[in-house]
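The chain that follows stands alone, in the form predicted on its own, written as structure tokens.
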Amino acid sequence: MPFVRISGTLLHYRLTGPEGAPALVFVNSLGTDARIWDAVIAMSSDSYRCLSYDKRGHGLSDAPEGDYALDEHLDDLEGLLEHLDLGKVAVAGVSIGGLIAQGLALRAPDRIGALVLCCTAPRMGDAAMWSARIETARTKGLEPMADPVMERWFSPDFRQHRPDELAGWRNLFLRTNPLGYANTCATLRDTDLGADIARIQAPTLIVAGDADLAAPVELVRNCTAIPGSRFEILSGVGHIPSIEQPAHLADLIQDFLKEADHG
């Protein structure tokens, strides 16, 4: 398992696929780690140099103290890209991972070949909601919110017919560092890119799930302010399409990246 320290923060990452192939970077959501992308990576790594990593506060990466600003997530990702010398990349992010992808496209447009924004928006939720999550995580841990979060993450069909997988992803959520979770909720509380994303020039695929309670379709549609973006709605999918319909998502991504001349 490779690790690197970026400006004092230890990040766990995984790199697979042929050297010299177009680079495709995956950014995970709140309360998960890089493993949510494994099935999509398995279907993509023949053609792409695939990088996934645990963002700060999650997985095997450090969980520094204090609220995380979006710029700190961007510093982590930029530092990782520089460490690996990947050049121009496509970035696929889900939920807060998509917010990080938007932020990187605004900060470093020359580094971005394409964006895939899954179940995300330029602003997600409101300050009151995130402040309540922060208080719960810091005082009671993640157990009190586990079942409501599963309902927001996964479609009714997934929850009914794939109970063992649901239990496994619930375990993943519960193993997230509560303080890392709370500190990342602060990123969502404090970030609003709505006035900025029209400046993004990268070819962009936007993906929404019609059963997503965390980022409903009309919220995700706000990303279409990105000029020339393409908008797709996945039927029967909740907040993490890489888990519920990885083959469909992988096909969408690969077709889109070919059209965008990134691979």
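Because the structure is a prediction, the values reported are computed rather than measured. Residue numbers run from 1 along the displayed sequence.
What comes next is about the form predicted in complex with a small molecule, which is not displayed.
Taken together, 95, 149 and 239 are fully in contact with the small molecule in the predicted complex: each brings a heavy atom within 4.5 Å.
Contact check for residue 223: no non-hydrogen atom falls within 4.5 Å of the small molecule in the predicted complex.
Residue contact with the small molecule in the predicted complex: residue 111 places no heavy atom within 4.5 Å of it. The closest non-hydrogen atom of residue 234 lies beyond 4.5 Å of the small molecule in the predicted complex. Contact annotation for residue 130: at least one heavy atom lies within 4.5 Å of the small molecule in the predicted complex. Site annotation in the predicted complex: the residue of 51, 208, 30, 200 reaching within 4.5 Å of the small molecule with a heavy atom is 30. When you look in the predicted complex, the only residue of 214, 70, 41, 34 with a non-hydrogen atom within 4.5 Å of the small molecule is 214.
Heavy atoms within 4.5 Å of the small molecule in the predicted complex map, among the stretches 101-109, 151-159, 136-144, 73-81, onto 151-159 alone.
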